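Okay, here we've got a single chain as structure tokens, the form predicted on its own, with questions on binding and movement later.
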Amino acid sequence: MQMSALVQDLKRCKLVAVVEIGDAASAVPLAHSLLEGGVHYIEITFRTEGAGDALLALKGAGTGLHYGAGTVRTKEQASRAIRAGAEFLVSPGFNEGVVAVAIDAGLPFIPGVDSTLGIEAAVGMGLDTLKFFPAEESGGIKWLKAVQGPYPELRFIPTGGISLANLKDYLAAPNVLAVGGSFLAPKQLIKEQRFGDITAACSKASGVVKELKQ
């Protein structure tokens, strides 16, 4: 997937489920539950040994869900995620080495920033779609409004501290491309295989997206 295609699709879909999967066997039923709830993107965090296997399971299943790797902090993790078939990579911070691996592989890379220092580093490497993390703890909507003026060309995917309660406010910000969050598929619900509850949570979030589009 090219970055331009990713941006255009996220502009429409607006939601990215950020998940931690301990057992790769949960990946495919989770994908179906997300899609049923109207969520078309998943970011599988590389915090568990099963993350790569979960990506491979989705690649083999062909569910139609777009899948990427998150919490990619090292070049080794980036390479592992690429081999597992990740369509895009996401990092909590900015690491030039990791960015270079993604660029060399021709994959979209979305680094995390929480300051103008991080923004400038990303812009310096030609990136204009950034993860704002941790969003709520770093200033939330006020931060996004503050950087809109000096950086009008940038798009952000705020993640961290976002829930159904503040989702609408974030999505309404003009420089927000999409919103990421574990609230769409909480770790405990995945562990307990409560996929119906995950679909219900995603449906509520999708309802907020539809409301804003009207």
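From 1 onward, residues are counted along the sequence shown. A quick note: this is a predicted structure, and the numbers were derived from the prediction, not measured.
If you look for the form predicted together with a small molecule, you will not find it shown, but the lines that follow are about it.
Contact with the small molecule, judged by heavy atoms within 4.5 Å in the predicted bound form, is confined among 53-61, 145-153, 29-37, 159-167 to 159-167. When contacts are judged by a 4.5 Å heavy atom cut-off, Gly68 does not count as touching the small molecule in the predicted bound form. Contact check for Ser182: a non-hydrogen atom falls within 4.5 Å of the small molecule in the predicted bound form. At a distance threshold of 4.5 angstroms between non-hydrogen atoms, Thr45 is in contact with the small molecule in the predicted bound form.
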